[in-house]
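Coming up is one lone chain in structure tokens, specifically the form predicted on its own.
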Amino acid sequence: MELYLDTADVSSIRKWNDILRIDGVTTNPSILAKEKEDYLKVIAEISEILSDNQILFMQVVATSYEDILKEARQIAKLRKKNMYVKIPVTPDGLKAIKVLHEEGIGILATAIYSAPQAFLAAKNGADYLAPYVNRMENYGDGIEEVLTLQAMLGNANMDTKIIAASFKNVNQVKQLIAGGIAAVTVPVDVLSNMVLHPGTAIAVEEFSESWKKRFDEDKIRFE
């Protein structure tokens, strides 16, 4: 399973990339707009943190077919390897995905709210599909819809991967991982909650206190 960090905050990316085996970073226009630096500079800084084997996703802002093609081709050139373009599943977006796939450009179909939308994007050649799990809850059962999509792709023998997005809590992520999802992209706060647990902190403190009480030391002495 692939794990991505859904942010453009360089310090957070550096921190969690050091701690965990992150497969890459996903961004979108809203995420990049939050940063103080110019968006191309931010993308360049993220690229310096990531290895060539980690994927970086950047989304087009254009909405018309021709402009989507232009932006996508430029985005794909921002890194020598593993620079993927995110394209919303509008009619113009789907048309662009079909063409860009033939050109060999890596594509993540995004802004997905239903399994049928995603399936058609996969049919057009998208490498990844990003259903908006939490937002989909406003229209039904987001988790169930994503799992239905997964079954649809499997039954059709498609290699396209789901990279579930738009999470608000750890339980949503847990349910999809348990369901065999191929990938998730999580915001920093959700990832932090996946790692940190008050029970762990209490246990570590108890271990340290027991050791110090017995040996009057904070570390293991090997001499």
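Numbers follow the displayed sequence, beginning with 1. Computed from a predicted structure; not experimentally measured.
Below: the form predicted together with a small molecule, not depicted.
Only one of 26-34, 44-52, 61-69, 174-182 lies within 4.5 Å of the small molecule in the predicted bound form by heavy atoms, and it is 26-34. For the residues K98, R135, R73, K81, the 4.5 Å heavy atom test against the small molecule in the predicted bound form is passed only by R135.
Of the heavy atoms in K168, some are within 4.5 Å of the small molecule in the predicted bound form.
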